[in-house]
Ligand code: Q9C
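Here we start with a single chain on its own, the form predicted on its own, put down as structure tokens.
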Amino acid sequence: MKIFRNALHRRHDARLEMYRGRLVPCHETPARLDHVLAELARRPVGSLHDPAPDDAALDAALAAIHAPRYLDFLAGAWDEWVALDPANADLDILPAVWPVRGFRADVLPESFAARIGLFSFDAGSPVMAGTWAAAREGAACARSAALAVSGGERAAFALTRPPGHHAGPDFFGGYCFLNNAALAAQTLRDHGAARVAVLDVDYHHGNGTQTIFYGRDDVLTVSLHGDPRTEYPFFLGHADERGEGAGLGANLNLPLPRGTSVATWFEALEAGLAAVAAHRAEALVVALGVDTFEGDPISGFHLRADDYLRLGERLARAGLPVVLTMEGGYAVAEVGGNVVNVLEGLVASLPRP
């Protein structure tokens, strides 16, 4: 397995997020990735690589899944924020106003405060000086992992943060700015896979990935997640969301109630993988969140460490080349062991060349 690490991830180290009416320390921290790297040093399951330094190709890949005005805004947001007031350099950016139902989103406002709200959907995803560099390097990791699989690798992992599956065509939120899983899926399509599936096993619904591919039938999106009636991101992820237009039937949501047992969770996984097989996917992207762990502070499932070995083994038995992207997991000390357990189970069960 090739593992593409984001050497710039620490540039995104936000101070505070808005959570339940209070500014609190961010749950999404650099330590999450550092724990995975430390566990990989203890239990190597693949070779570590830097992503390919191909700016033009990465820009084109990002433009295939994200709106140009959104990318332009993210790339320049910090400089614009500081230009408004040099004192802003000591503050992270959080939105405070949003265009809700009935408001217009087609006219790009001149106000920075309006634009940060236009391109976001929560107040829990701070933007800071290094956010763009870290997110863009993470996207490069996802693209490089997909290229490795397109070139014949059976599995590759984009080890990166910030995560990506909540980022949509023109919005960020849920700690996500660029959608790494969607980028990997599009890269696989662009390099020969006629049909691709994205399987999201994070506790929270992959609303950004669903939105990007909702009208397409070449990329199946499957998400196992906490029921959006009670769980973030709340407004997408219901079972009746099946796609639209050409994509009707190419989106499968498997919402599960808080407190769902491990046995029921794996039953839902089987249903998701059955959909992948029925789609006749030629490659699989796994949005790997380990916030399904029983000790996660902001989630509500009960998987234990050994269950992640089992998850990796089951993914291998799907019989598809697989790209994994790192998503959530906020029981920080346990993230490394849980992620590497998935990789270990996967690698141990892959067919030998």
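Start at 1 and count along the sequence shown; that's the residue number. Predicted model, so just to flag it, every value in this text is computed and none were measured.
Keep in mind that the form predicted together with this ligand is not shown, yet the notes after this line are about it.
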### Task
Please pick, from Arg161, His166, Arg143, His225, the one residue with any non-hydrogen atom lying within 4.5 angstroms of this ligand in the predicted bound form.
His166
### Segment that reaches this ligand in the predicted bound form - one of 322 to 330, 308 to 316, 42 to 50, 56 to 64, heavy atoms within 4.5 Å
322 to 330
### Query
Looking at the partner-bound form in the predicted bound form, is Leu37 within 4.5 Å of this ligand by any heavy atom?
no
### Query
Is there a heavy atom of Trp132 lying 4.5 Å or less from a heavy atom of this ligand in the predicted bound form?
no
### Query
Quick one: does Tyr232 come within 4.5 Å of this ligand in the predicted bound form, counting heavy atoms only?
yes
### Query
So, in the predicted bound form, is Gly208 in contact with this ligand at a 4.5 angstroms heavy atom limit?
no
## Note on the structure
Applying a 4.5 angstroms cut-off on non-hydrogen atoms, the residues of 169 to 186 near this ligand in the predicted bound form are Gly174, Tyr175, Cys176
